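Next up: a single chain in structure tokens, the form predicted alone.
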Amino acid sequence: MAPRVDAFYLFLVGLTAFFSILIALTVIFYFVKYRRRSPDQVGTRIEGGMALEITWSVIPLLITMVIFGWSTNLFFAFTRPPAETLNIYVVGKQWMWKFQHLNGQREINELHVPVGRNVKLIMTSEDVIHDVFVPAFRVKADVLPGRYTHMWFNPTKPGRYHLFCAEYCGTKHSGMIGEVVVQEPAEYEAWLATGRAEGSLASAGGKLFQDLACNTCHRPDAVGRGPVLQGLFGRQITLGDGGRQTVDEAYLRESILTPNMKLTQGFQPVMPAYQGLVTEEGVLQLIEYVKSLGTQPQSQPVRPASGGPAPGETHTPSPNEVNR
């Protein structure tokens, strides 16, 4: 994106310089041409000129429309990541950046990425508003508590690049810095392999899913008290109020921390809220686990809207369900 941003920026600078010089020279020219040559000289009354009015209205309009069209094109390019991206989760915290790769590798204030690959950062904050800013890549985005924001880039040259927090976030804001380390693909894969001992992000999420006894309600056979999660990510679901919702990272996060905010149609508000019980890293792990689940089963038992067992089946609460 850097060449496209630079081209737009240079256009704005050139445009500003051109009209600044033009106006300055015009003012000087009028100073000289229309100066008072005697103390009793009175200027000629000017009634106006329609051609001049139209000219200095239409030309700025055309220029601003060019700026609008160009900047809008850039905005959509920034906010619409390509279909295939390397996803990396980012958590901002006073005063550090925590990065988590899908294979389980974690970093603090340093982000390793491969050269020539579309990289998408999925970001949130644990406390206050932060802002990821990589000047060399010309990318910058707010990192907000309570929601996910996205940013993407494609590094084209190996090296180490400065990473800043561009939003004042407290007394040590100036120390919330880091580096983006761009490596050749083979070098990046070798580095990535050093962090696989703990397991992938999805596998950690699967373990947490079991530890929290989520599997007792979200069952793949559709007889649990919660929706089937297989193949759920990316789909549109119907909510209890009849509205439609796309299941993305933000919706999954909200459903984990405050599940009764947007209930899926046909289910009761029986899921406990995990706000304050699951860390941001834990939420990311659970989200990645849900994203990793396979396709939804084609044949499912019919279940009542109350969220109970399907006809002809019984459901005995497990000790984990009772404890919850």
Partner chain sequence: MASTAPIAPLPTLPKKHYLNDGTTVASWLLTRDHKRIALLYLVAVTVFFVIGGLFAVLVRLELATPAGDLLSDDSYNKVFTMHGVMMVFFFLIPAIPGTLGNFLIPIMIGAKDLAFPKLNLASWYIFMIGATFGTYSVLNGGLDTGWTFYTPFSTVASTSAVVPAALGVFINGFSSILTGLNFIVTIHRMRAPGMTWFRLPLFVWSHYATSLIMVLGTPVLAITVVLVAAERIFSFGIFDANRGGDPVLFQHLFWFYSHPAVYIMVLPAMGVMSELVAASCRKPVFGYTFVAFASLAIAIIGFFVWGHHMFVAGQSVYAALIFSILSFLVAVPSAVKVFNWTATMYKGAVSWQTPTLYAIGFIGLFTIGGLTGLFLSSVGLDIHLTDTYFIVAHFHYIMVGGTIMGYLGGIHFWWPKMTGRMYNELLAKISAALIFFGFNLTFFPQFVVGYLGMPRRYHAYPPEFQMLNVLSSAGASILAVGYALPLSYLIYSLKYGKVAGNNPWGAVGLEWTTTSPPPTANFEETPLVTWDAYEYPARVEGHVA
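We call the rigid core the largest set of C-alpha positions that still match within 1.5 Å between the two forms. Positions refer to the first chain, counted from 1. Note that the structure is predicted; figures quoted are calculated from it, not measured.
Keep in mind the form predicted together with its partner chain is missing from the figure; the text below concerns it.
Checking 222-230, 68-76, 102-110, 207-215 against its partner chain in the predicted complex, the stretch whose residues place heavy atoms within 4.5 Å of it is 68-76. For the candidate spot formed by T26, D131 and A166, every residue has a non-hydrogen atom within 4.5 angstroms of its partner chain in the predicted complex. For T238, no non-hydrogen atom is located within 4.5 Å of its partner chain in the predicted complex, even though that partner is not displayed. Within 4.5 Å of some heavy atom of its partner chain in the predicted complex lies at least one heavy atom of T64. Among residues of the shown chain, R138 is one whose heavy atoms approach its partner chain to within 4.5 Å in the predicted complex. By the criterion of a heavy atom within 4.5 Å, N260 is excluded from the residues contacting its partner chain in the predicted complex. Although its partner chain is not shown here, in the predicted complex the stretch 110-127 places heavy atoms of just one residue, D127, within 4.5 Å of it.
Put the two forms on the same core and the Cα of T26 is off by 2 Å or more between this form and the one not shown. The Cα position of V270 differs by less than 2 Å between this form and the one not shown after fitting on the rigid core. For T55, a C-alpha deviation of 2 angstroms or more is recorded between this form and the one not shown after rigid-core alignment.
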